[in-house]
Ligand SMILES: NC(=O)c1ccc[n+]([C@@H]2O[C@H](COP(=O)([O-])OP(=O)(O)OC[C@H]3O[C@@H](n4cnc5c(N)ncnc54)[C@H](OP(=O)(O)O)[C@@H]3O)[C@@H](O)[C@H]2O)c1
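Coming up is one lone chain in structure tokens, specifically the form predicted on its own.
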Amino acid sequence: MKYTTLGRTGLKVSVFGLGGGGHSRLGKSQDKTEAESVAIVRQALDADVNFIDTAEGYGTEEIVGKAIAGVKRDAVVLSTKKSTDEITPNAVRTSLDASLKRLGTDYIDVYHLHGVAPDDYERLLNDIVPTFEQLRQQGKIRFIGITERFGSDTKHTMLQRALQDNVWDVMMVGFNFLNQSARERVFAATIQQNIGVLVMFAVRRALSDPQRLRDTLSQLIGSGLVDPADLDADEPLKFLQTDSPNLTDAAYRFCIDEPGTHVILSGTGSPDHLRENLEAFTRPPLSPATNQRLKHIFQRVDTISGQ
């Protein structure tokens, strides 16, 4: 397993981060039993993954808590989140205590304001962040994070505003080879400020469903954001086969190699799928030619998330 330092937090983290949300929610969305979901987390831990991301809204904190029971606490880095819907200082305190109980721990490594909309940022900064700071002083959280609503905020409007404040130790950023706009709009500043970056949306429907990919590429070509001359008409991304066994593998490796990224989140409810995803993180970077071609093809895209 590859490890890195999560920006100014100083935390040593696995580049592969197990995500407790997304489409599968550790198998909960696929009606897996709790034991099967717990086994997924333990499989990741056995593969030396030490970064686990969850949230109160995912319904997977308790699964993570049961999976890490008995594991040395400083051997795992826990990331969880508080939704910003109807949020108040008291709601944050109550929510955090409930998260701590479900996770079976007395502190959270990275606690995020979750899914912050651009027009709600100022209120949250002024009304809620002071409570996060108080909780940090009490030792209940170690570092403060923020996550964007990439599904609707594909241009990273909120994070560009957040980068003006010296508050955030970690940011969760939407990034994949279809929409690389975070490179200039977010990563340039996070690198300068040494902010830890968690990548979400590395693989979503457009990069796991062939028909969805064709529809997405057609949409981008139709809007003039992708030049059809840069793609093979029958198999648009066939050139990736020279570097990678499949599209998902290429998508993860593209994100791993991006300067400024630290943890690439991957969620699943399947042991086989987890094993395949883990293998992508053991492979070398995509070739410079392939990497550059992906950058060229999608250089103007900032309107989609890849979902």
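So that there is no doubt, residue numbering starts at 1 and follows the sequence shown. Not measured: the values here are computed from a predicted model.
There is another form of this protein, the form predicted in complex with this ligand, and it is not shown here; the text below is about that form.
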Exactly one of A182, I195, V110, M172 comes within 4.5 Å of this ligand in the predicted bound form through a heavy atom, and that residue is M172
Listed residue (T261, S37, N277, S244) with a non-hydrogen atom within 4.5 angstroms of this ligand in the predicted bound form
N277
Mind telling me which stretch in 41 to 49, 269 to 277, 235 to 243, 66 to 74 gets its heavy atoms within 4.5 Å of this ligand in the predicted bound form?
269 to 277
Determine whether any heavy atom of K295 comes within 4.5 Å of a heavy atom of this ligand in the predicted bound form, and answer yes or no.
no
Would H23 sit within 4.5 Å of this ligand in the predicted bound form, counting heavy atoms only?
yes
With the partner left out here, check for me: in the predicted bound form, does some heavy atom of L159 sit within 4.5 Å of this ligand?
no
Residue-level question: is K82 within 4.5 Å of this ligand in the predicted bound form, judged on heavy atoms?
no
Is this ligand close enough to G7, Y121 and W168 in the predicted bound form that each of the three has a heavy atom within 4.5 Å of it?
no
In the predicted bound form, residues of 195 to 229 near this ligand [heavy atom within 4.5 Å]:
M200, F201, A202, V203, R204, S208
